[in-house]
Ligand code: HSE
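First, one chain by itself: the form predicted on its own, in structure tokens.
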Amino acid sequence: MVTVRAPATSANLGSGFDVFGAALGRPADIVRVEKADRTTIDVTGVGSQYIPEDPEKNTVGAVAEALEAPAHIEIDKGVRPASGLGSSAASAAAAAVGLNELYDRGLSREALVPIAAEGEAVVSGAAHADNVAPSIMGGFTIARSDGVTAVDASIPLVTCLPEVVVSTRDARGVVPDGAHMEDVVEVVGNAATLAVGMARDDPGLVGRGMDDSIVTPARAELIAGYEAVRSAAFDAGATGVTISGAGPAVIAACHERDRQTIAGTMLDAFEDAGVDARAYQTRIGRGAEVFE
């Protein structure tokens, strides 16, 4: 048996729609894989009642099929489904890394990214790598059609998860079909700023680069209290605030000294909007870890 811890992730980070991703220090999924004649799945943990155990409907089943590695797979969910924190990606990433180890496939972490992305397609309808890449490789990642670039970073973060559900399919449904050129230019500049900030481990630059005037405003309409939470986080010292992935989680970049205050302020703002929430004080961290 091989056990893998795969972290939650934040995709997009505002300006990097379907490209940027970051591994979070917490929460995480724990996945155990054991060789078997056919793939079977058991799911426990947060939101497990909403996750199908049929291998044809679960992200890890697609991963096992792609690797030709049948197994009994136990998933202990630490990342809530429909959270915007890469829940399905964490399971797919852990399964890919674990099955690669279990069957001694010898694939690199980067080579496992498109395989895990096939698992993501079960949930989102398309094989996006912006969540699975950081969950497997760690750090800040840039996912392109020709591969993944990963950068070690340790930016302090707060992720605030409200007790509301936004499905990935619904969040993709509100993405605009087009954009004005001035908005495109602005977002490209912000994305470049964010990438440089990650390379320099500079929370200020990262925060400045999170602004997005194309996708985020449309998705914000799906999250009750978002604007108030965003403003409160900035008032408490956040350097940047945006929607994490498809939402409803809200992520703030910050300096270490302000992280606790920002977390409390974001929780209070959601409460004022009549929404229960929980906050994770975390940072960009490692990718999937194997325990035998």
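None of these values were measured; they are calculated from a predicted model. Start at 1 and count along the sequence shown; that's the residue number.
Omitted from view is the form predicted in complex with ligand HSE, to which the following refers.
Peer 1: With the partner left out of view, is T193 within 4.5 angstroms of ligand HSE in the model of the complex by any non-hydrogen atom?
Peer 2: T193 lies outside the contact set for ligand HSE.
Peer 1: Look up in the model of the complex whether H128 has a non-hydrogen atom within 4.5 angstroms of ligand HSE, and give yes or no.
Peer 2: Within the cut-off, so yes.
Peer 1: Find out whether any non-hydrogen atom of T216 is located within 4.5 angstroms of ligand HSE in the model of the complex, and reply yes or no.
Peer 2: No - in the model of the complex, heavy atoms of T216 and ligand HSE never come within 4.5 Å of each other.
Peer 1: Is G240 close enough to touch ligand HSE in the model of the complex, meaning at least one heavy atom pair within 4.5 Å?
Peer 2: Output for G240 is no: heavy atoms all beyond 4.5 Å of ligand HSE.
Peer 1: So, T3, V97 and Y103: all three within 4.5 Å of ligand HSE in the model of the complex by heavy atoms, or not?
Peer 2: No, the candidate spot makes no contact with ligand HSE.
Peer 1: Look at the stretches 240 to 248, 33 to 41, 46 to 54, 263 to 271 and give the one with heavy atoms within 4.5 Å of ligand HSE in the model of the complex.
Peer 2: Contact criterion met by 240 to 248 only.
Peer 1: So which residues in 1 to 35, when you check ligand HSE in the model of the complex, have a heavy atom no farther than 4.5 Å from it?
Peer 2: The stretch 1 to 35, when checked against ligand HSE in the model of the complex, contributes A11, N12, F17, D18 at the 4.5 Å heavy-atom cut-off.
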